[in-house]
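Only one chain is shown below, in structure tokens, and it's the form predicted on its own.
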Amino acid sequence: MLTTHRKKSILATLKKDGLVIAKALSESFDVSEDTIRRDLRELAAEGLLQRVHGGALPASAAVADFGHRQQISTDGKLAIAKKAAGLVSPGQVVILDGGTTCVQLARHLPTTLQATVITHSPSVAVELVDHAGIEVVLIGGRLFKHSMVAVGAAAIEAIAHIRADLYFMGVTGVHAKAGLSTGDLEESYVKRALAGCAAEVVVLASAEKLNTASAYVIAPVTTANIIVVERKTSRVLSAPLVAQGISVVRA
């Protein structure tokens, strides 16, 4: 089989099964594991999959910069944001992550809500300027322009002193086995720290993020108490999450 055809077959299997194993592929194609690993390296370099030990997972499409992500799955993100906004109760201390879905969430919080919102996203903070009843605590640090969030040691230090009721986490990948992931190392540190200081973690996951993985692991998928997904999300995608005891809420 030609390399091109083999790669297409690998991607087809990955789409169908959500995982490929190098050893199984080498047996299936009757080629060496070194050949398969080379194929996987080349496909990963094209952004078509995420390599893991022994094989590969689907790569997340949600790793573009902030401006481009605003154009991805816009209807789905809006529905998820509205549903998530309804999870906030008066008087709560809530952490809002960076990202386009959290910006929409902030936009849809009731203007009469009395609450505290902590965020490391200037974009989220600006959305809440006209919410008179919401106290906004903005975490500082180095501005990571790709995602429009503060990262670094200063952000981690500030987070260590927070105790919140809810943390709405943005991710680029949600996978039952590979966990919650993102495309930047420093962002993964900040998200992990935020998750550690909240009583409940709510992950916001539009369709392109489910059953995919990015380069940097935030935490096991069971860190999420709730995952908010689009209403049309396939049961095939949500079932492995439910099986791990996570509440999957459809928007």
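Since the structure is predicted, the reported quantities are computational estimates derived from the model, not experimental observations. Only the largest set of C-alpha atoms that superpose within 1.5 Å between the two forms is called the rigid core. Heads up: residue numbers just count along the shown sequence, starting at 1.
Another form, the form predicted in complex with another copy of the chain, is not on view; read the next lines as being about it.
A heavy atom within 4.5 Å of another copy of the chain in the predicted complex is found for one listed residue only; from 128, 164, 79, 88, this is 128.
Of the candidates 217, 52, 31, 193, 52 is the one whose heavy atoms come within 4.5 Å of another copy of the chain in the predicted complex; the others do not. Taking the partner from the other structure, another copy of the chain in the predicted complex has a heavy atom within 4.5 Å of a heavy atom of residue 135. Contact check for residue 123: a non-hydrogen atom falls within 4.5 Å of another copy of the chain in the predicted complex.
Heavy atoms of residue 102 never reach within 4.5 Å of another copy of the chain in the predicted complex, leaving it off the interface. Looking at residue 152, you'd find every heavy atom of it more than 4.5 angstroms from another copy of the chain in the predicted complex. Looking at 33 to 41, 180 to 188, 208 to 216, 52 to 60, the stretch with residues near another copy of the chain in the predicted complex, meaning non-hydrogen atoms within 4.5 angstroms, turns out to be 52 to 60. Annotation for 135 to 156: interface residues with another copy of the chain in the predicted complex are 135, 136, 137, 138, 139, 140, 141, 142, 143, 145, 148, 150 [heavy atom within 4.5 Å].
A movement of the C-alpha atom of residue 25 reaching 2 angstroms or beyond is seen between this form and the one not shown when the two forms are aligned on their rigid core.
Core-superposed comparison between this form and the one not shown: the Cα of residue 226 travels less than 2 Å. In this overlay on the rigid core, residue 16 has a C-alpha that sits 2 Å or more away from its partner position between this form and the one not shown. Note: the CA-CA distance for residue 84 and residue 18 expands in the predicted complex relative to this form, by 3 angstroms or more.
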